[in-house]
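What follows is one chain in structure tokens, specifically the form predicted on its own.
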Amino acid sequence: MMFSIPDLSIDDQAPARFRPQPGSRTEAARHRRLRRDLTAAVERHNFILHYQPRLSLATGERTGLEALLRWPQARHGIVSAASFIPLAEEAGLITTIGGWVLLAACREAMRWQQPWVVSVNVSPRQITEGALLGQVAAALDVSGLDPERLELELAESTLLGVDIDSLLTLSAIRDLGAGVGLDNFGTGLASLSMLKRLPLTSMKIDRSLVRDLPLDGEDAAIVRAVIDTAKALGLIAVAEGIETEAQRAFLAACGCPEGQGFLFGRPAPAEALRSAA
């Protein structure tokens, strides 16, 4: 089975059915049961990866795929990662899952006929606990994947905990040849001065800024500024959440190199994407 840390920007809070309510013994018991189920899922590798395409807005050609974790849960069906990641954080499973994720995603990328980049979101704990560099090196070594085909995505909220050790880790990963992308840019947590400190290769424009394009003039102005900033810093700008042709056309006209969203394809199992390539 294959694993991936999800895009935490979609929803970093578990829905009510996964959180115990104060004073509710039933919910507390359910929460404990889910935690046990999740621990067992990690031990048994009971997860699946879906992938979402990333395309060139100028040519329409696929440039990469983002790996997204799904948990086939007996009581709730296929559960998206955004729903159970807080539970995994609480249980101390994120760093362990992260190591599996990197190896599995790199192995899957080796099966693709085209040299697309595979993007894997990483947890702040993988960085702060000192595990990330070793996990990346091991995944690349075991899988044989060209380091330039791996990109790690950091949620913008990760920047709140960046220290000198984290910067050294990210710089060492860049020295290996892997890319480092900033996810969810535009949600208000990152400062522009922070961008020049980080060894980034790309930055994603948050879907909240793309949603009302091209009609919302303020969002349009912000998006243009982000694209120009990325270009000035030598980074690839990637627009998330593109759902309409009007959004794609506007972003392409603004010079945004790449995009991702339901207009181009929903997350799907690796087998489906391989057969469609």
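In this text, residue numbers run from 1 along the sequence as written. The structure presented is a predicted model; accordingly, all values stated were derived computationally and were not measured.
The same protein has a further form, the form predicted together with a small molecule, not shown here; the description that follows concerns it.
Peer 1: Could you tell me which stretch in 142-150, 177-185, 108-116, 128-136 has residues with non-hydrogen atoms within 4.5 Å of the small molecule in the model of the complex?
Peer 2: Looking at the other structure, the answer is 177-185.
Peer 1: Just to confirm, with a 4.5 Å cut-off on non-hydrogen atoms, which of A230, L69, L65, L213 contacts the small molecule in the model of the complex?
Peer 2: Flagged contact: L69.
Peer 1: Given that the small molecule is left out here, which of M203, A104, I173, V122 has a heavy atom within 4.5 Å of it in the model of the complex?
Peer 2: Flagged contact: V122.
Peer 1: With a cut-off of 4.5 Å between heavy atoms, is P257 one of the residues that contacts the small molecule in the model of the complex?
Peer 2: Heavy-atom contact with the small molecule at 4.5 Å: absent for P257.
Peer 1: Wondering, does L38 line up within 4.5 Å of the small molecule in the model of the complex on heavy atoms?
Peer 2: No, no contact at 4.5 Å.
Peer 1: Is there a non-hydrogen atom of L195 within 4.5 angstroms of a non-hydrogen atom of the small molecule in the model of the complex?
Peer 2: Result no; L195 lies far from the small molecule in the model of the complex.
Peer 1: So, I242 and the small molecule: in the model of the complex, are they within 4.5 Å at any heavy atom pair?
Peer 2: Looking in the model of the complex, residue contacts with the small molecule include I242, since a heavy atom lies within 4.5 Å.
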